[in-house]
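The chain below stands alone, shown as structure tokens; this is the form predicted alone.
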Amino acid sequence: MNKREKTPQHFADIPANERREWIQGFDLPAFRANQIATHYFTHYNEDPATWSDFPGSARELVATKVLPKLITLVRSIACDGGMTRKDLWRLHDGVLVESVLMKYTDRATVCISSQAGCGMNCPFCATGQAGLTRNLSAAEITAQVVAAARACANGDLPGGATRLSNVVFMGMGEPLANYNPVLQSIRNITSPQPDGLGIGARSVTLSTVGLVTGIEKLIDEGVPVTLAVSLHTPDDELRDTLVPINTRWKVKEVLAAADKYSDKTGRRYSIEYALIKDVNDQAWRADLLGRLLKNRNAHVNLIPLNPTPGSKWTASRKEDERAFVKTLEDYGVPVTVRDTRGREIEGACGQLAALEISKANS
């Protein structure tokens, strides 16, 4: 199949207030839209053949035209005693993307992809090294969340059934470079059931490398998700290399946009900082970051780098990590070190897809 073939339109691509009219275009009564939404967003059921409240004569139509199958599971691999599961999905055109479902004692979180590949070209990132294949549709993004919600409800992870509570846009891709589909998927995630999955906006995190125009657009959307900025270094000289979009929007511009987002939404934002040995973990960089953030409504999430095969980049020494944390704390900046889940299952985004492609080509 041609990789540029258009993704089939799906119920989850349609804004909630337009679904009744859209359904009527298939000669179905408008009220069927509410039934379809209930099955999909409340029961996580996308197989009309199993819907007892739906006319048999319309089920095939809904299966092919309203809820076409957009993602197919290629394989899952688990670690952390089964509490972390990475899923590799094949899209309708053969393109591969990944999601990761993580169960904790107090929550269940899915990390989803918004693009196949990524065009931001960050050199330490497996997805960035692969380049951008294409944007995902709103429904392709949403389908990853519905699949995770279904897995939680079915008790597929140890400990029995639970509710999917958190969604993070930290998988493959730069969400703000695929703005409209990502926004529609956020509405699908946060709208109350049955119009959406009913997950609160505060439990949804959108991670960006710092597309200032995208952050500014998001301010006025009325969906106060948690913003996470992948900063990775406080100085423009190194960031131009680590996060090449920095050549367009410098550190101070990115932080100013994040401040505006925080002022409008009342939400504290997160600074994502992958600690890379002898690259961005020096004491002076910790000091500069502390000075930059000390009076901002920001929290630093330090990430021990999950190295990709063959990469020259690796995680910082533990003593350098501890010193970095202490410097930020001395400035009064809230800081945590991310739980490094999924290392033994190619946990860094893009690694599993790259392995699958290499296997197919070998």
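For every residue, the number given is its place in the sequence shown, counted from 1. Predicted model only: the values in this text are computed from it and were never measured.
Note that the form predicted in complex with a small molecule isn't included here; everything after this is about it.
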item: Option touching the small molecule, based on a heavy atom within 4.5 Å in the predicted complex, out of Ile303, Leu293, Val335, Leu70; value: Ile303
item: Listed residue that, although the small molecule is not shown, lies within 4.5 Å of it in the predicted complex (heavy atoms), from Leu218, Val167, Ala143, Ala274; value: Ala274
item: Contact test, all of Phe124, Ser230 and Thr308, partner the small molecule in the predicted complex, heavy atom 4.5 Å; value: yes
item: Leu289: touches the small molecule in the predicted complex, heavy atom cutoff 4.5 angstroms; value: no
item: Touches the small molecule in the predicted complex: Gly171 (any heavy atom, 4.5 Å); value: yes
item: Any non-hydrogen atom of Leu136 within 4.5 angstroms of the small molecule in the predicted complex; value: no
item: Non-hydrogen atom contact Ala258 with the small molecule in the predicted complex at 4.5 angstroms; value: no
item: One stretch from 95-103, 148-156, 80-88, 208-216 that, in the predicted complex, holds residues within 4.5 Å of the small molecule by heavy atom; value: 208-216
